[in-house]
Each structure stands twice: as C-alpha cells, then as structure tokens.
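Given next, in structure tokens, is a single chain: the form predicted on its own.
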Amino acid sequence: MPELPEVETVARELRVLILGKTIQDIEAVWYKSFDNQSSIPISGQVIKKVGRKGKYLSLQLTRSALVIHLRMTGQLLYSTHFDYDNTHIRAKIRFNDTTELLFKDTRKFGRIYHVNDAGDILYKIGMDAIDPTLDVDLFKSLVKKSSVNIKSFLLAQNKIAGVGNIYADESLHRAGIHPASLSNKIPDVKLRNLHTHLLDILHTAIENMGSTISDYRDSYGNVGNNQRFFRVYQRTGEACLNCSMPISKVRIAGRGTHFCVKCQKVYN
C-alpha cells in the first residue's frame, strides 16, 4: 500500500503536471472507483491546488474537490497520448488539452471521491506525520495517551497519519522499540528517538521517490528506490544490520511485522 512517501512523491509530480488544467470530464471505467458525493458539475473546473494529508491526495478545484485514496494497488498515471495499456484502468480524468490522469488499480480498493470540500473526507484523519507542528512533545503526548501496542498506534491513522507497515517497522527498528510494546509504557527517551527516526526515514524515502514492493509507481510510471535501504522490512531470516541476529517476523495489528529480537526491547 502506498504510504506517506509514495503519496507525497505523486503529489509533488502532479503539482508540476496538472496544476491549472481544466477538467473536461471524468470517466468511471469501473463504477465503484469514482464516488460522486457532490452535485457541483466537474466539467470546466480548474485544478487550483494539489494537497496531501496522510495517505490521501486532494485536488482543490474551482468549486469543489477530488480526494483520492490509492489503497493497496492504486496508481495515478499522467498520459499525453491515447495508445496506453487499458489493463486495470478504473477511472480517467480528462483535461481540455487532451492529456489525462489515469487511475489504475489492480485490486479495485482505491477510490476517487468528488466532494464539496476535501474536509468532508479528511476530517477523520489525524495529524500528518511530517507536519512541522507535530514536534517531539506533541508526538510523545499522543503516544502516551494510547494503551494499544505501538505498531497498532502507528498504523491507526486517526492520531498520526501517513505511516503504514513499511515505515512503522523501519522506524521502530531504528529506535530500538519492539512493535508489541504498549504505547503508554515506552520511556520518553525512546519516544524521542522514535520521533527523530520516523521523520528521518519518511523524508529519506521521499528523496528516494518512495518504496516499490510490487505495484507502486509514480505519475510517470517509474518505480521508487527506497526499498534498497530497508533494514528489517521483508528481510525475514536475514542478518540484522546492527547485531547480525536473524530478522524475525510475526503478526501484530493484523500485519506482518519485521523486527530484531536483540535490538528492539519490549516495554509493557
């Protein structure tokens, strides 16, 4: 699933590619991929701003907004021609200059929402993980108020948004915190480390154009590069880069979770 760095990569590219373009129409190739919740006509509206909160993209239009969640396998591909492969294309945003933004989604979980205001969808999302106002003190306060394990907290999206399985595992390993640790039992010094490493990992992944495990592509159809720098994710049985112990994998918060039994302490 595309996480914050992947969605941020797409957002930055779309600001170059589609800002100021006028929408001709939207074709829902598969009807569930496009959820029209507004009575405001889309045709003729101009894309005024490309935003992102957590794993959601938002396109502010002249009078309404499009909010896009890529989910598991969604891709937004910019096209200047009409001879592309239509396989798994679920929706097409056509512009007046004949270019298109194609929503490709193999598993059909992704959605494009047309709403009066982006807040109609995004109100339920927590603070963005790289929001500058999410300083270490606020980060610690949010974590300390939770009694669930820290992996569940990072994945929940309702307090801090944008972190998924990849970057939760990677940041917890760097911080030396076992993913099953109870959030409110983790010492302040460890939470400070987690905040530092989480920001560093997310910003580095953005610089590397995201991580491609299988489906993720940027708006030009390119893969990301950050997967080359994983320390625990998808390295089950391989040597920990800190201590040489084999990386373990268990199921926590319903997700396959990678960690080092020696380097990451359990707090409970």
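So that there is no doubt, residue numbering starts at 1 and follows the sequence shown. Model, not experiment: these values are computed from the prediction.
Unshown form predicted together with the DNA; subsequent notes refer to it.
With the partner removed from view, the residue among Asn86, Ser141, Thr80, Ser147 that has a non-hydrogen atom within 4.5 Å of the DNA in the predicted complex turns out to be Ser147. Arg71 is the sole member of Arg71, Lys185, Arg192, Arg94 with a non-hydrogen atom lying within 4.5 angstroms of the DNA in the predicted complex. The shortest heavy atom separation between Arg52 and the DNA in the predicted complex exceeds 4.5 Å. Contact check for Ser39: no non-hydrogen atom falls within 4.5 Å of the DNA in the predicted complex.
Contact between Trp30 and the DNA in the predicted complex is found at the 4.5 Å heavy atom cutoff. For the chain shown alone, Arg90 is a contact residue for the DNA in the predicted complex, at least one non-hydrogen atom being within 4.5 angstroms. Heavy atoms within 4.5 Å of the DNA in the predicted complex map, among the stretches 192-200, 133-141, 170-178, 104-112, onto 104-112 alone. In the predicted complex, the residues of 222-258 lying within 4.5 Å of the DNA by at least one heavy atom are, in order, Tyr233, Lys249, Arg251, Arg255, Gly256.
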